[in-house]
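There is one chain below, alone, in structure tokens, taken in the form predicted on its own.
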């Protein structure tokens, strides 16, 4: 399953239990992030046993609405007691601080930087 727009794409690869984010996510409010949130929720519901991977290493920008939507997803994962691995990129300034904040929301979030 893939959401592809002019400036970003979000792709869910079932066999790898991985969601890959690319581009610039600058949507307005949680309503505009609903489609992405639904994709994340679907992936979470289908993932059992092993962590769901969120590869953000090619996501150049994520605005505060996107961070808020991801935070709600992390909280949902905590309620479901499912593990998450987030893959980030040290060369993208917003990622190190923001991704680490997701760990504060849920201790089972593993962060890997490339």
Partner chain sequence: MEKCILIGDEIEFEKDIETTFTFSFLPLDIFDNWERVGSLSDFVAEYFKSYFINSAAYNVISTVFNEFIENAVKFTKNNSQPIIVTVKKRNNYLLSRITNTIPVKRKDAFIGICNELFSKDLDTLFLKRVEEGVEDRKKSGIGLILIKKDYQVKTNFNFFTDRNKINNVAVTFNLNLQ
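Remember, it's a predicted structure, so these values are computed and weren't measured experimentally. Positions refer to the first chain, counted from 1.
Form predicted in complex with the partner chain: not shown, discussed below.
Contact here is defined as any heavy atom lying within 4.5 Å of the partner chain in the predicted bound form, and by that definition each of 60, 63 and 71 is a contact residue. Among heavy atoms of residue 50, none comes within 4.5 Å of the partner chain in the predicted bound form. In the predicted bound form, at least one heavy atom of residue 100 sits within 4.5 Å of a heavy atom of the partner chain.
Using a 4.5 angstroms threshold between heavy atoms, residue 14 stays clear of the partner chain in the predicted bound form. Mapping the unseen interface onto this chain, residue 19 falls outside it, with no heavy atom inside 4.5 Å of the partner chain in the predicted bound form.
For the partner-free chain shown, just 7 of 3-18 comes within 4.5 angstroms of the partner chain in the predicted bound form, judged by any non-hydrogen atom.
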